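Single chain ahead, written as structure tokens, the form predicted on its own.
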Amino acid sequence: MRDFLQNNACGDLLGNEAQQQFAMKFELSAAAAEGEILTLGFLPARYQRNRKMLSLPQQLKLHQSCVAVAGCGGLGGYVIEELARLGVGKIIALDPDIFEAHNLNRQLLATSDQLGKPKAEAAAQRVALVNPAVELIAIQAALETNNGPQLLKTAHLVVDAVDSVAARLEIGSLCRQQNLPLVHGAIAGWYGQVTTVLPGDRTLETLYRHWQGGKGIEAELGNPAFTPALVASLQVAEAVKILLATGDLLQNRVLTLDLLRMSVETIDLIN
């Protein structure tokens, strides 16, 4: 394997065609081939723009990681897209819903030809096009207490991309029980928020302590195209820091966005 890579790489960089040939020659899946390439000290060319911020061992770590994304809609579509492009090796995409016309204004995975089709299935189709080396497990179900322990067996963290306060709190409780980090994000009109909940924290209970039922403020303020894209990107940044054990996390802090006034604020939370 090493001889093939040395003969076909440019330095330590392996082109896409050579990567495909490597997989075929050694009868490997795209995911397994990428793992071998990274383990042997070579970098698939698709990640060459990552290398100024991620070392090769860190790229391998992402490939070996599994992230569960609860929701494949406004936030989840962007989260899944960015995780796949970064090279996170396994993504569990969960969503019980199908695409409807009102999703078209903001959801990356929503296209006219996908209307009426499951969102999780669309996520699998998209990732197969974006990065075949990423394994996406599509589950047409909500992440809940009753199915969570089984579905999250291989996950290293969970990204909250749901649109219900009740669902967020249930996922937060589930992650605490399963000892998994959770990256929370929410949007409403011009506004958004992101926080990271590490095992043992009760951040979401603090954040939503005044919630008295209902879907949440997003139902009142609407869901534009730009807020989900920005909040999802911040969630992915937090997820990568967790997976690589680097940087400062938004633990016990919530980052709030006001895009109407272009202001960003980080607020300390007391659990």
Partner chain sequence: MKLTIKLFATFRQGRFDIAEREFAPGTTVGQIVDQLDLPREKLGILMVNSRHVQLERVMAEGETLAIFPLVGGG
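The shown structure was predicted, so the numbers you read here are calculated from the model rather than taken from an experiment. Residue numbers count along the first chain shown, from 1.
Here the subject shifts to the form predicted in complex with the partner chain, a form of this protein not shown in this document.
> I need to confirm a contact call. Of I187, V183, I171, A123, which residue comes within 4.5 Å of the partner chain in the model of the complex, counting heavy atoms only?
Here the answer is residue option I187.
> Looking at Q178, Q140, Q193, Q114, which has any heavy atom no more than 4.5 Å from the partner chain in the model of the complex?
None of the other options qualify; the answer is Q193.
> Should E36 be classed as touching the partner chain in the model of the complex when contacts are defined as heavy atoms within 4.5 Å?
Flag for E36 set to no.
> Evaluate A23 for contact with the partner chain in the model of the complex, applying a 4.5 angstroms cut-off between non-hydrogen atoms, and reply yes or no.
Because no heavy atom of A23 falls inside 4.5 Å of the partner chain in the model of the complex, the answer is no.
> Decide whether A32 counts as a contact residue for the partner chain in the model of the complex under a heavy atom distance cut-off of 4.5 Å.
Result no; A32 lies far from the partner chain in the model of the complex.
> Can you tell me if I217 lies within 4.5 angstroms of the partner chain in the model of the complex, counting non-hydrogen atoms only?
Although the partner chain is absent here, I217 would touch it in the model of the complex, with heavy atoms inside 4.5 Å.
> Every residue in L207, L221 and T256 with a non-hydrogen atom within 4.5 Å of the partner chain in the model of the complex?
Spot residues vs the partner chain: full contact, yes.
> Hey, of 79-87, 148-156, 129-137, 162-170, which bit sits against the partner chain in the model of the complex at 4.5 Å between non-hydrogen atoms?
Only one stretch passes the 4.5 Å heavy-atom test: 162-170.
> Going through 56-75 from first to last, which residues have a non-hydrogen atom within 4.5 Å of the partner chain in the model of the complex?
Result: G73, G74, L75.
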